[in-house]
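First, one chain by itself: the form predicted alone, in structure tokens.
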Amino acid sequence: MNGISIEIKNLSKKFGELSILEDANISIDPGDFFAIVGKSGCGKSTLLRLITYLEKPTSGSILLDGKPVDRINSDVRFVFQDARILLWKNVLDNVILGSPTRSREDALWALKAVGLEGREKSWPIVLSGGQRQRLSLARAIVGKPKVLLLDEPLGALDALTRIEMQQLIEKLWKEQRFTAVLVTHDVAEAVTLANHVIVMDNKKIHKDIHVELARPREHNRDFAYYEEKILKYILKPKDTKGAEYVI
């Protein structure tokens, strides 16, 4: 098991008087796969940034493997919605930058793992959107992370490419057993990938739903059951009778 535990205790974040996240509590076991869903502005991405110490909490604590998070940790890697690739460096050099030892051998391994073998000398500008996200993933896994944080990395991709990337992320997780936390607006994506789905609402953790489905997951009646269950906690009644729902 390569992954480590994440403990989030009474975590809150404010920017001045503006509250972004309030009293969050989550316990993630080593090597588990969590997804966080909820409406825009509910605090999902902020939570990831706090875990990786890109932001500092206003109150509460985060423990990685039992140790307080008080600095950026090289064992924690972040994949953003936009690939954030250096356009003036070729594919291989972009991945080498993610290696703690600047290892060319490790970079070649990572490119092979994400299906970009043979594109080492290509420039990022010629890559498709899906290939750029594969490159971003390669740069993240080249350091053999213990925690991989994914902030809507597939949101801008077309439907078929998105399915391919979901399969790739699941494959990498199975092989490397890092602890994964995915932020997504796509409930089906959350059910496809995660063992636990956290529903956030109004800056707070609203529900933790354990997804008990065999892998690979098929879009069958059991899958639809979890989709409906999660959506029930995301959607709000339009009126007090609860007859209609809006997102």
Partner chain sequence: MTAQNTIKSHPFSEENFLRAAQWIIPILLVTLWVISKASASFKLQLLPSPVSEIHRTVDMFTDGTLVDYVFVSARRAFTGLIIGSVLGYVLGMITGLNKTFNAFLNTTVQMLRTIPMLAYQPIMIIFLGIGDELIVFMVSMGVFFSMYLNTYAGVQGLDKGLDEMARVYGFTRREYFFDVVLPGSMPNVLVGVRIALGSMWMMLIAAESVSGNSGLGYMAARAREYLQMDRIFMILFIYAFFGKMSDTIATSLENYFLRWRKT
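Because the structure is a prediction, the values reported are computed rather than measured. Residue numbers count along the first chain shown, from 1.
Although it is not shown, the form predicted in complex with its partner chain is what the next lines describe.
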Open item on the list: Partner absent here, but in the model of the complex, which of 87 to 95, 167 to 175, 154 to 162, 109 to 117 has residues with a heavy atom within 4.5 Å of its partner chain?
Closed with: 87 to 95
Task: 4.5 Å heavy atom contact, Val147 and its partner chain in the model of the complex - done: no
TODO: Using the partner position in the model of the complex, report whether Arg49 sits within 4.5 Å of its partner chain, counting heavy atoms only.
DONE: yes
TODO: Classify Arg102 as contacting or not contacting its partner chain in the model of the complex by the rule of any non-hydrogen atom within 4.5 angstroms, answering yes or no.
DONE: yes
Task: Arg134 within 4.5 Å of its partner chain in the model of the complex, heavy atoms - done: no
Open item on the list: Is it true that Ala188, Phe223 and Tyr233, all three, sit within 4.5 Å of its partner chain in the model of the complex, judged by heavy atoms?
Closed with: no
